[in-house]
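Below you'll find only one chain, the form predicted alone, shown as structure tokens.
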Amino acid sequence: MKTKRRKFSFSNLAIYIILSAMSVVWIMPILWLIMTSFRGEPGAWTPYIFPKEYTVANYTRLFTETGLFNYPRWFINTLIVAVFTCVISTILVLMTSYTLSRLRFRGRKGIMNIGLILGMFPGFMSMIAIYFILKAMGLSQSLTALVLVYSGAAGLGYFIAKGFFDTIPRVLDEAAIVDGANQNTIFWRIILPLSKPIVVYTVLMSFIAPWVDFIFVSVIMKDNYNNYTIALGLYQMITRENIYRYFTQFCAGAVLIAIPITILFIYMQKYYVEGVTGGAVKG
């Protein structure tokens, strides 16, 4: 027994050491980004790690020097697109997942297989075609176009939500139908209240997409500077002609963007994990 306990303690110690080393590796780039955002020296490269001069001017310049880089405008644009995309995508994903999980109809498996195959193709393969379609509709270089693009294929991401809905006992549906409830009532009043984890997971994924996307927004917006989102706008700060002067300001903008998303994840991480790994009804 003592030998087993020693082996167990040594294995635990090794695991803790490995996890600690991995956490240091993961957190070092974040700490470097934060330090650089307070660095007073310009330029993207320095022969030392710790700044010789600290300043908050990089943050204040984001909101005061908006002539060339309108950071507040980009932030608001991204927030607007993210909110509308989140609402539309969440509704589409949950409705599609519920339909494929709870209902039985002809062609159901075929639709699921087609959705699975389409989901394997990267979205940027269709971006040129999407741009010309939006241009023909008079929607190119607009925030509405971004909302439509980010929400258009949301239903294809039904896999995780469907798996969650599959864990909810069907006896609940049957009891509700006996009481005279229709599918609309079952979905909104019975299934969704039991599905808070997957709803939160879907909301988080839908909300984050516009913040991190660079490819589609660069194709759709082209030179419409005022409608840039934060990803495309920040990229302009690190082009060859701007990187020396604006790199530290770019780091400050990246830190500010990470704060609300990080807080959101920390606050909702319990539901996020349950949405991916857990079931709806336990015990």
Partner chain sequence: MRFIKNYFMTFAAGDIITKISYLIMGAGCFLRGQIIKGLLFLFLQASFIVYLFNFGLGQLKLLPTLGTATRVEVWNEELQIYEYVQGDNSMLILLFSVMTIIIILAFLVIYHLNIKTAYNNQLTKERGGKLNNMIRDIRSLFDSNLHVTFLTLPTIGVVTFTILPLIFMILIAFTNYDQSHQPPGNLFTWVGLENFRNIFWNDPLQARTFVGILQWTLIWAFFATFSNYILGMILALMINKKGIRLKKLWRTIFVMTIAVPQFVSLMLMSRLLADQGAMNVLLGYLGIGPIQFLTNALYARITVIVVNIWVGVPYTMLITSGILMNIPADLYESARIDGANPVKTFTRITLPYMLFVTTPYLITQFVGNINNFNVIYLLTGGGPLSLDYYQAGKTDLLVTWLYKLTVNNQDYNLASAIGIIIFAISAAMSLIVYNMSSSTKKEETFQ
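Remember, it's a predicted structure, so these values are computed and weren't measured experimentally. Residue numbers count along the first chain shown, from 1.
Keep in mind that the form predicted in complex with the partner chain is not shown, yet the notes after this line are about it.
**Q** Can you pick the one in T64, T55, N224, T46 that has a heavy atom within 4.5 Å of the partner chain in the predicted complex?
**A** When the partner chain is considered in the predicted complex, the option within 4.5 Å is T46.
**Q** Is every one of I80, I160 and A176 in contact with the partner chain in the predicted complex, taking contact as a heavy atom within 4.5 Å?
**A** No: none of I80, I160 and A176 comes within 4.5 Å of the partner chain in the predicted complex.
**Q** Quick one: does W74 come within 4.5 Å of the partner chain in the predicted complex, counting heavy atoms only?
**A** Because no heavy atom of W74 falls inside 4.5 Å of the partner chain in the predicted complex, the answer is no.
**Q** Is V87 near the partner chain? Define near as a heavy atom within 4.5 Å, in the predicted complex.
**A** Heavy-atom contact with the partner chain at 4.5 Å: absent for V87.
**Q** Evaluate G138 for contact with the partner chain in the predicted complex, applying a 4.5 angstroms cut-off between non-hydrogen atoms, and reply yes or no.
**A** Although the partner chain is absent here, G138 would stay clear of it in the predicted complex, with no heavy atoms inside 4.5 Å.
**Q** Can you tell me whether K196 touches the partner chain? I mean in the predicted complex, with a 4.5 angstroms heavy atom cut-off.
**A** No, K196 is distant from the partner.
**Q** Taking only heavy atoms into account, state which residues of 20 to 50 are within 4.5 Å of the partner chain in the predicted complex, ordered by sequence.
**A** S20, M22, S23, V25, W26, I27, P29, I30, W32, L33, W45, T46, P47, Y48, I49, in sequence order.
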